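As C-alpha cells, one chain now follows by itself in the form predicted alone.
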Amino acid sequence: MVYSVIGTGAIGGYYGGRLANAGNEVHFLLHRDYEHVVRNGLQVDSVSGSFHLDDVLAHKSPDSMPKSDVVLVCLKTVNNALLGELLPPLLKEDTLVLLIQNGIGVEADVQAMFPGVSLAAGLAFICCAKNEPGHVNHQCFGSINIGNYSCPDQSRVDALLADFVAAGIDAHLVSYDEARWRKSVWNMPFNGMTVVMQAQTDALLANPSMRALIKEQMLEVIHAARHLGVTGIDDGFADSMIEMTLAMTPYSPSMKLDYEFHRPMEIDYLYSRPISIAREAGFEMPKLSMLEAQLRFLEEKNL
C-alpha cells in the first residue's frame, strides 16, 4: 500500500518512519525541516531500536504527493482546518484516513468536511518528541489502538493493522468509542495538569494530593464513558494508567510543550467536546470542567 503522512512531527515521524523502514512506500509532508530531511534524511532514536531513513520521500506540498491507499493525519487538532487544502490531493475512491490525533469528536468534524471518506481513529500510547529538524526521539512505549469510524470495508483496516504490526509497531484493533475514551483517561488529566501545575508527570504522581486528584479526574472520564454506553473500561483502568505513568520516563505531554512554546493548546477536543458530550447525556465532569477553565485562562494570557 502507498502511505502518506500529513504532519511529520514526532508522531508522524515515528509511525511513518517505522512503516518506511519496514519497506513500505511512505510519503512525508514536511514544513520547516523539509530542506534538512531532503539533505540528511530522517533519524529516529528509539527505545525499540533506532534507525535512519536515507532517501525520504519528502514533499513540501500535497500537490506533489501521490494518491494514497492510507493517509496518516498527525497534525495537532488546532490545525485541522488545513485539512481542507492538504487532504484532497491524496484521496482516491478507497483511501483510508487514519486520524492519529488527541481528543473526542475529531472524526465527526473531519467526516463533515469529507462526507464520503473512510475514517479510522489512531490512539497512540507513546512518549516521543521532535525537538530538532529531522530527528525524532522515542523515549518509551509506542503502542497504538485503531478503531474503525466509517470505513465500510473492514479488510482495509485489517490490512493497515497488519502493516503496522509487520513494521514492529504494537498495534491493536478496538472499538472506536472505546479507543477514543480509553486514551482520554490519560490525556485529560495529564495534559492539562502538567500545564496548570508546571510539572512533569513524575512530579505530579510523586505528590499524594496530586496523585489522588489525577485518579479522581480519570474516574470522571471513565464514568462519563460508561454513562455514554462505552464498555470495556472499568474503574481499575485508572490504577493501570497511573502505574503505567509511574514506569514512564518523566514526561511533558504535547499540551505542556505547546504552552511552553506559546502555541495554541488542544483544549477544544481534549476538554470542551468530551465535557459537552457528557453533559448533553446528563453527566457532569466538574473537576475536568475546572481544569478546562484554568487552561482557557492560561492560554489567553500566553498567546
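All figures in this text were calculated on a predicted structure; none of them were measured in a lab. One rule holds for the numbers: they count along the sequence shown, beginning at 1.
In what follows, reference is made to the form predicted in complex with a further copy of the same chain, a form of this protein that is not presented.
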If contact means any heavy atom within 4.5 Å, which of 198-206, 148-156, 125-133, 73-81 contacts a further copy of the same chain in the model of the complex? 198-206
Please determine whether each residue of S4, K60 and L91 possesses a non-hydrogen atom within 4.5 angstroms of a further copy of the same chain in the model of the complex. no
The single option of I233, L228, A171, M210 touching a further copy of the same chain in the model of the complex, heavy atom within 4.5 Å: M210
Which residue among N187, Q217, S118, Q101 has a heavy atom within 4.5 angstroms of a further copy of the same chain in the model of the complex? Q217
Is A281 a contact residue for a further copy of the same chain in the model of the complex, using a 4.5 Å heavy atom cut-off? no
Classify M193 as contacting or not contacting a further copy of the same chain in the model of the complex by the rule of any non-hydrogen atom within 4.5 angstroms, answering yes or no. yes
Closest heavy atom of L291 to a further copy of the same chain in the model of the complex, within 4.5 Å or not? yes
Would P286 count as a contact of a further copy of the same chain in the model of the complex, using a 4.5 angstroms cut-off between non-hydrogen atoms? yes
